[in-house]
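Have a look below at one chain only, the form predicted on its own, in structure tokens format.
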């Protein structure tokens, strides 16, 4: 959406080495007698109207690689259910060879012994991806696959509204704070505080501010969610909330959409992948074509952005033909124009062509060129921790911070307490920070 060593690695390696487990994840041929090797790939890409179907992309590979055939299957359940399916299927010996996994799920799946270490293969291809995206498929010194799409935080803004207010696009958070005050005086909001996105949204901002919440330390993890950068993030949003200069609404609630359509929301710190649908409610209105996307205003001196979602393609434990699987993995994830039609902000270097719909909605802007810049600016050091899913508890604390019940800093206290508890539940030691 890059962003892992810990004490369960020994257990995972033991699982990988067990001769009792069947190597069933890669299909028919064994490659030893001239038969084609078959690679099963499970994905959850949308394959919607106007998109290049995954089956068509894969067909191009198959036509050019008769000895390595790929069978792609679409998972139609909720994204959050795919990890559970993978765990069930792999443990039953029926898992795929390759699977799409969210970056926040990578360490959990590895700890549970479901993913392979394919660093020797992955390193052949690492230069095809931004350093920040590549790091999100790392678990400590292990690499489990290749990145597919990213979610670097960017800044969306209504250019027409900004011109009417006489303000420029902010390049720092101080500038955004000043613009927020100017906009609030006109009953408009240059930013939104979205509690239901706190987990990834605020951790990504902390990464942009230069903090690494989770650091592998031998067989332990260092957890520090209260660093200097995180404190800057907390102070920024606290000030806007205290001064009533920010829209406080869940990102996926009706209030956010209403503020967008009635013109009261004129700016938004959001993930790059939102560009594919953020402005859909404005189609056919006077506001169509008024919005633009820019780089995330800098928190301090880092000049970086942070990850908010995204996914990669991992090699599952029982995949026998890792070299062939990784060759396809890299080829598929570098089909940037085809993948862009799926609404992805592609992790591979090189900007794809911006789709017509996005070009129209953003007033002719080359949106993917801007996203390519953001990809290159992703923090290369921020990683997720095993048990990161439990940090959804941040969202509940963020809701309280949004209504003034608790300070914003409590959100980051929740991040620490829940991550430490999750590590403890996994039997992983937490180092003194």
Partner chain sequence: MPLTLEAKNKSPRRSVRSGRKGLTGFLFLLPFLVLFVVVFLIPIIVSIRSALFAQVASGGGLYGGGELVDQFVGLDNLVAAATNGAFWKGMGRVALFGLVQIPLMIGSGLFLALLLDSFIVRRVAFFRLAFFLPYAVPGVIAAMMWAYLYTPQLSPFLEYLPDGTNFMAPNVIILSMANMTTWTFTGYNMLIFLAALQAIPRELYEAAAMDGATGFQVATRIKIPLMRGAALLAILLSIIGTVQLFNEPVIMQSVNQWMGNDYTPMMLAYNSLMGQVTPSGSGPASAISLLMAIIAGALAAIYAFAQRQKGE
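Numbering follows the first chain given and starts at 1. Given the structure is predicted, the values throughout are model-derived calculations rather than measurements.
The protein also exists as the form predicted together with the partner chain; that form is not presented, and the subsequent description refers to it.
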For the spot marked by 139, 384 and 399, is every residue within 4.5 Å of the partner chain in the predicted complex through some heavy atom? yes
Position in contact with the partner chain when the complex is considered in the predicted complex, options 307, 312, 107, 96, heavy atoms within 4.5 Å: 107
The partner chain: the contacting residue among 226, 263, 289, 113 in the predicted complex [heavy atom, 4.5 Å]: 113
Taking 4.5 angstroms as the cut-off for heavy atoms, does residue 181 touch the partner chain in the predicted complex? no
Heavy atom of residue 421 within 4.5 Å of the partner chain in the predicted complex: yes
Heavy atoms within 4.5 Å of the partner chain in the predicted complex: does residue 258 have any? yes
How about residue 390: is it within 4.5 Å of the partner chain in the predicted complex, going by heavy atoms? yes
For the partner chain in the predicted complex, the stretch among 145-153, 80-88, 169-177, 281-289 with residues bearing a heavy atom within 4.5 Å is 80-88
